[in-house]
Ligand SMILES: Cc1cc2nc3c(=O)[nH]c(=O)nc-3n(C[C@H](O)[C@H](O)[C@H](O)COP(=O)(O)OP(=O)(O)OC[C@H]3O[C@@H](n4cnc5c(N)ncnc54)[C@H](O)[C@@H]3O)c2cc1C
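What follows is one chain in structure tokens, specifically the form predicted on its own.
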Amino acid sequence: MSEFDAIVVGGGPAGSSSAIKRASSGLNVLLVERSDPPGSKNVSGGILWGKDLSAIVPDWEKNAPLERYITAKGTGFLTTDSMISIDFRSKKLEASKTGYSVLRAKLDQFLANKAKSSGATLVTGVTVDKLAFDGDRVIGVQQDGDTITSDVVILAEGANPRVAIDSGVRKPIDDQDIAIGIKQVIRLPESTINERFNLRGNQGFAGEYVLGFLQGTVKAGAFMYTNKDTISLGIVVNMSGLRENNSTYSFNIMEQFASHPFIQPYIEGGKVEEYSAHLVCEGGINSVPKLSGNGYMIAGDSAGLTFSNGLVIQGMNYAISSGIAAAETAIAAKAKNNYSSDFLSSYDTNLSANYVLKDMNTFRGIENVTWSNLMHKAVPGIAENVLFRMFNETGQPKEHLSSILMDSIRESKYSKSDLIIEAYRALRRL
């Protein structure tokens, strides 16, 4: 007989959500998290979109450590001298309150404690070494030479799924699967943040940008999110381009972003309270491994379940949704006393039926747009040139937009046919 009905490896949104759901259903659940307290090793200050938590924590909007609700969404390009962006602000966003800025160190601890209060056994500061097998069936986990047994194991260990890889249930991570994320948390008075971002009360801003000023093969995106009295500022650097370049360091890119003439004023006078780095899933649906097998399931970032198209970044809601789906499958498996690969594959089916895998399949290949030369090397310069020539008053006759655009394309050193082909491919995937 197993010691636990289920073991969850990882106390992030996926793991804790899974543990909450199963423990609330009366299962004997062990939640193992390597950091102490949960969230202390996480570097994400991001946006929690959607209301997936309502299924397991109905009062989360009142009691979870939320920072601000997003009423303003920005997206665009940065060149050396310019910012070209769309700033969308809407009373509809304010009314819906579907997106909140959060600090994961706080959120993860809240969710892990919710799992504990729901009946799960929470163990922190412990690193799981490998899965334990009986033949080809997972029967628990191994830690420091000891085996802890369970009927099923859910791996929710984050973007660097070492246990899953070392246990042979998913392939090693390649450069195309991940990127390097660097984040600063910068403290500023709440009133200063509201003034600089044109916000009131608990309103929040979330912005994502393409860094079009980088040289060579290096490509990076960036983000800026407002919290109550801090700003989360960070970059996400394409691993393949960084390795190919071999002379640019990610921390230098972070400094370039923070000191950009149209970013620096937002954080001027702030105190950096946190500086950290992490791997970020960027491979899309092609990086998603086999999600289940005999006695195990994989959820959240461990399964590559994140989405980014440069306009929207989603990961925490996918993690929560997949964690809940894994828990529902485990509950059904307990009722049938069946933890075979065939039965647990219903987890894959459930994810395919909800929005997580539907989104990832709908936008299959989006990573080829997100990290394309079109987005990082061509569009920023072309957009800057077109807008400058349109808005710059010289006292000379005005130019037709089509003429400005054609000149800008020629100056970009990209052929018109190449840009049309790349734009067509991008639109298909967007």
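Note that residue numbering follows the sequence shown and begins at 1. This structure is a prediction, so every number in the text was calculated from the model and none was measured.
The same protein also has a form predicted together with the named molecule, omitted here; what follows describes it.
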Heavy atom of residue 339 within 4.5 Å of the named molecule in the model of the complex | no
Contact flag, residue 313 vs the named molecule in the model of the complex, heavy atom cut 4.5 Å = yes
Does the named molecule get within 4.5 angstroms of any non-hydrogen atom of residue 32 in the model of the complex?
-> yes
Might residue 248 be said to contact the named molecule in the model of the complex, defining contact as any heavy atom within 4.5 Å?
-> no
Between the options 96, 127, 117, 354, which residue brings a heavy atom to within 4.5 Å of the named molecule in the model of the complex?
-> 127
Non-hydrogen atoms within 4.5 angstroms of the named molecule in the model of the complex: do 9, 42 and 46 all have one?
-> yes
Only one of 168-176, 329-337, 346-354, 222-230 gets a heavy atom within 4.5 Å of the named molecule in the model of the complex; which is it?
-> 222-230
Taking the named molecule in the model of the complex and a 4.5 Å non-hydrogen atom cutoff, the residues of 263-294 making contact are 278, 279, 280
